[in-house]
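Just the one chain here, the form predicted alone, laid out as structure tokens.
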Amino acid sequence: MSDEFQQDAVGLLEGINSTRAIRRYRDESIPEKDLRDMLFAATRAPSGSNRQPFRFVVLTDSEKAKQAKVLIKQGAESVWRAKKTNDQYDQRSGADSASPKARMARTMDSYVENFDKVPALILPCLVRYREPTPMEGASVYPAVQNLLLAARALGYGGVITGFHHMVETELKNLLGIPEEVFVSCTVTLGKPKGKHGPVRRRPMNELVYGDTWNESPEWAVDPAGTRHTSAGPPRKPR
């Protein structure tokens, strides 16, 4: 494996603005050099007091990795089944097969069904050095975002889930993860079957305030051509 790291073919701002959650992957393994470059980017992230308490368990195609994927798939099925029912994905707008809600349901159905076949499954962990605090995520989630942006730069895609929580005890036993270690999330990675592209979010002036809550500064204007989503809670009237 070459010691040379790959050049980024995607500009930083373009990558930030076009990194979508990717849940459908080609049936292709990820070369070790690509995993190395993505995980190197993850380990460059900042952390509290520069302690670097993050650790990454990388699961690809070993027998133990396959067992872990199957285990988390069981958690995924449980979580998605409950969410699909509670959020009524098959009702109202979800009954229209062309609606965003119905498309999301189909994507999630496929993602969960094929979870045990994802090319790479990363478990970002936090080695706790004190009692849990509301800020401890700040020492691991920047590294997770670095991982996803690096994946985008190299032509891969991924998504964060919390499916492991349903089977965390069994997962830790399988992988030898100490009890005090916090498994912060799962990240699945692979070559997208679809593609990245400009993400849709609510307009910036609904999300960015100036000196007063719910009042946006004049400069909080999206670039021309920005496409928006209606997802999420609407902005409250002033």
Ligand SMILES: Cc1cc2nc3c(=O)[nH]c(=O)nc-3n(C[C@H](O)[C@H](O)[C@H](O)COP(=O)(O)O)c2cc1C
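It should be emphasised that the depicted structure is a prediction, and the values quoted were computed from it without experimental measurement. Numbers for residues come from their place in the sequence shown, where the first is 1.
Same protein, other form: the form predicted in complex with the ligand, not shown, and the subject of what follows.
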Exercise. Just one of 171 to 179, 42 to 50, 66 to 74, 194 to 202 has heavy atoms within 4.5 Å of the ligand in the model of the complex; which?
Worked result: 194 to 202
Problem set entry | Any non-hydrogen atom of G155 within 4.5 angstroms of the ligand in the model of the complex | no
Exercise. Is G162 close enough to the ligand in the model of the complex to count, meaning some heavy atom within 4.5 Å?
Worked result: yes
For this session: Decide whether R24 counts as a contact residue for the ligand in the model of the complex under a heavy atom distance cut-off of 4.5 Å.
Result: no
Problem set entry | Close approach of T19 to the ligand in the model of the complex, 4.5 Å, heavy atom | yes
For this session: Have a look at M108, L149, V127, A102 for me and say which one sits with a heavy atom within 4.5 Å of the ligand in the model of the complex.
Result: M108
For this session: May I ask you to list the residues of 172 to 197 that have any heavy atom within 4.5 angstroms of the ligand in the model of the complex, in sequence order?
Result: none
